[in-house]
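For reference, the chain that follows is the form predicted alone, supplied as structure tokens.
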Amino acid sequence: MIKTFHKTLAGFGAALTLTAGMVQADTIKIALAGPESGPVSQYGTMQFIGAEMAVEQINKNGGVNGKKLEAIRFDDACDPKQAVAVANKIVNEDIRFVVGHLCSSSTQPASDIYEEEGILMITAASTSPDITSRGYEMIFRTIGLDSLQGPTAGRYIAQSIKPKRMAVVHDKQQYGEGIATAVKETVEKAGIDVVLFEGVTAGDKDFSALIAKLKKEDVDFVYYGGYHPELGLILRQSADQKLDAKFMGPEGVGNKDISAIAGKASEGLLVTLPKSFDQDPANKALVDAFQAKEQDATGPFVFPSYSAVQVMADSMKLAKSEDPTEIAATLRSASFSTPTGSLAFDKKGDLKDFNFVVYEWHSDGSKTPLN
């Protein structure tokens, strides 16, 4: 249960009446929390432009209950400690709605604060099941879980790749190790031999020791749980050191910067990603709006972030309220038509239906769906 619901709201309201002549805020503020700095800021950009486009489009169409939405960016650098500082700042600024955070390891501690303070949070990018497994009322997401994405990858590996000697590598972080474990469990149930389960340190640059182990174990397939900066280097260094193995990773590696890092070594990489919502003809006008701003609508978190803002706004309209607890109840009781499909949430705040797609990555940054 939520322990507090803005306990000082009455006192704050009285002070506001005295100092502002009963003037009410004419905007509904939504915090956008994610990395504007750090090694995965590219993903933060996807989140920010998606959410900000939704705010712009909703405001053009009259806003919400007579008010405009206002998006405010907060940089957590995908660092758990900074994410906690950001969450506390959002509390202090009396913002009651959050789209974010992005990295699961940042989202989880921040979500503790939002739940405690009665702030509604929707993440469009964090896939760790732990985030919504705690019985919280105010925490939602518009993307699938690692417990879905991992088995999707694992089944594809077992049914289509059928490696003889497979390795599973991860970055020792909540997201990377979690999805790597889900893949390992899935392939092992299908009879695939995982000969190496190995962790690397996020931020490392030299992976020669790892590659030596992969070669020693005669590995022909590697699944990597983590983000693109490390995998890009692993791919490049593996090619340089003549490791003959195919690689696969989750949506955390699926952006064009992996091709910039790995070059030709990124050709043929397998990646699980959300559906390419930018390719849906129903979203053409929205894609055109992004292109008019010279923004890339192809990133995996762009459209889920747009949908996060939209379901917030639609719930406010349905509830005729800005009370986060009422909005949370409405999110669980209704379904919403969005650019990422018809969305409905379960008791935990997870989507009732979400599909990941396996893609083949190309060195020019493009991708081809395989399932």
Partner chain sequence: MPESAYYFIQQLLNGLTVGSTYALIAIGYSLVYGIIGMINFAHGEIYMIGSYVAFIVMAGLAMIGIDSVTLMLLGAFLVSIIITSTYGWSIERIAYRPLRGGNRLIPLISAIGMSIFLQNYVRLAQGSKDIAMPSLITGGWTIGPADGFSATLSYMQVLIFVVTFISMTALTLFISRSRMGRACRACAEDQGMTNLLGINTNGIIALTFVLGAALAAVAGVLLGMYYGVINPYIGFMAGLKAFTAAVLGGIGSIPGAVLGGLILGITEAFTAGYFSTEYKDVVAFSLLVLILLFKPTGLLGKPEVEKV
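Just so we're clear, the structure is a prediction, and the values are computed from it rather than from any experiment. Residue numbers count along the first chain shown, from 1.
Beyond the structure shown, there is the form predicted in complex with its partner chain, which is absent from this document and is the topic of what follows.
Q: Spot the stretch among 63 to 71, 329 to 337, 310 to 318, 36 to 44 with residues whose non-hydrogen atoms come within 4.5 Å of its partner chain in the model of the complex.
A: Contact-bearing stretch, as computed: 36 to 44.
Q: Of 279, 291, 159, 241, which residue is found within 4.5 angstroms of its partner chain in the model of the complex when only non-hydrogen atoms are counted?
A: Residue within 4.5 Å of the partner: 241.
Q: Only one of 298, 181, 295, 237 comes within 4.5 Å of its partner chain in the model of the complex by heavy atoms, so just point that one out.
A: By the 4.5 Å criterion, the partner-contacting residue is 237.
Q: Give a yes/no on whether residue 199 approaches its partner chain to within 4.5 Å in the model of the complex, heavy atoms considered.
A: Answer yes; at least one heavy atom of residue 199 falls within 4.5 Å of its partner chain in the model of the complex.
Q: According to a 4.5 angstroms non-hydrogen atom cut-off, is residue 133 in contact with its partner chain in the model of the complex?
A: No, residue 133 is distant from the partner.
Q: I'd like to check something about residue 267: if you look in the model of the complex, is any of its heavy atoms closer than or equal to 4.5 Å to a heavy atom of its partner chain?
A: Answer no; every heavy atom of residue 267 is more than 4.5 Å from its partner chain in the model of the complex.
Q: Can any non-hydrogen atom of residue 208 be found within 4.5 angstroms of its partner chain in the model of the complex?
A: Yes - in the model of the complex, heavy atoms of residue 208 and its partner chain come within 4.5 Å of each other.
Q: 91, 94 and 118: each with a heavy atom within 4.5 Å of its partner chain in the model of the complex?
A: No, the candidate spot makes no contact with its partner chain.
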